[in-house]
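Quick setup: one chain, the form predicted alone, written in structure tokens, and binding and motion questions come after.
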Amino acid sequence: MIMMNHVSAGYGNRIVIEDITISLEHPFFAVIAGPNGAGKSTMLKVLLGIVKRKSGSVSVFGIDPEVDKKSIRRIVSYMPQSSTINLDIPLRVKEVVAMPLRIMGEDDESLVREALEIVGAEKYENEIFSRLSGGLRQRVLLARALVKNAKLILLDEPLSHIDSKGRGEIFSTLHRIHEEKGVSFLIVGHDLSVCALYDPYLILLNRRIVAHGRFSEIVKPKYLAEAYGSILLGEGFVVMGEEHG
């Protein structure tokens, strides 16, 4: 249901992703990984129509996101890498989570509460968002992405600022939502360790797609070395030549 065919895109004259061809059948649970500057965030923005293609074609549930952004926003939810919320405005947590619903002309407090419960932040619903810790803010922003029950959820580094235990809990929750509700997830992430238990579809990206397939098939030295530049193999662990590896 998602197809990218020979897609290149970037900013100005700078090409960030090049000749991307991939198709993912709904419902899928997929992770995009690669070094800094690999084009992971840009790939998500192309699927949303935020970044225009320089070549190639894109279809998201049969829709070209550059042509029909309104329809894309109704069926796709997006959590960007950095929040655009003005921290000078004293918004309560529940108001932040409700933003996508209000944009669509809806206002369902039960959906807001359910989304906060999913990420373990329900007791903070009346707190001021700007006063929360970085980890709690990240959970609230994740709840905002989950609240409108989209068919496809794009998450750009949703586990950043969250401790290792919390990352495992949230990744497990996202996988459960995928299985129980048939929601597709495309997640940009650096921490590949949280993936091991769930064997998601993995896309290794470094401007071009290096490899893609089940996690267990793709996390191999030859693919990791090609994506990250260098790796160090130890007894039971792998260190990749990139700061977040």
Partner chain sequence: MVDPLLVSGLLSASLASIVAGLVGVLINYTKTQFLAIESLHMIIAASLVGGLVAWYYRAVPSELVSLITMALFIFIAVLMLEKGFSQDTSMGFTIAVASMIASLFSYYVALLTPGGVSYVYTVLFGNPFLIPLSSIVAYLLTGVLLVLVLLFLWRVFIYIAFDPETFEILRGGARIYRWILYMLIAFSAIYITRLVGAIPAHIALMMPGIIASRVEQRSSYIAITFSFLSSITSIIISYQVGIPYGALLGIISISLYLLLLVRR
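So that the term is clear: the rigid core is the largest set of C-alpha atoms that superpose within 1.5 Å between two forms. Bear in mind the structure is a predicted one, so any value in this text is a computation, not a measurement. Residue numbers count along the first chain shown, from 1.
This protein has a second form, the form predicted together with its partner chain, left out of what is shown; the following refers to that one.
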{"query": "Options 108 to 116, 171 to 179, 158 to 166, 121 to 129; stretch whose heavy atom lies within 4.5 Å of its partner chain in the predicted complex", "finding": "121 to 129"}
{"query": "Every residue of M4, H26 and G56 near its partner chain in the predicted complex, heavy atom within 4.5 Å", "finding": "no"}
{"query": "Listed residue that, although its partner chain is not shown, lies within 4.5 Å of it in the predicted complex (heavy atoms), from I50, V219, I63, L192", "finding": "I50"}
{"query": "Contact test in the predicted complex: N86 vs its partner chain, heavy atoms, 4.5 Å", "finding": "yes"}
{"query": "Touches its partner chain in the predicted complex: L136 (any heavy atom, 4.5 Å)", "finding": "no"}
{"query": "Partner proximity in the predicted complex: H212 to its partner chain, non-hydrogen atom cutoff 4.5 Å", "finding": "no"}
{"query": "Distance check, L152 to its partner chain in the predicted complex, heavy atom within 4.5 Å", "finding": "no"}
{"query": "Residues of stretch 87 to 102 in contact with its partner chain in the predicted complex (4.5 Å, non-hydrogen atom)", "finding": "D88, I89, P90, L91, R92, E95, V96, A98, M99, P100, R102"}
{"query": "Core-aligned CA displacement of G120 at least 2 Å between the shown form and the other one", "finding": "no"}
{"query": "I89 C-alpha moves between the shown form and the other one by 2 Å or more, core aligned", "finding": "yes"}
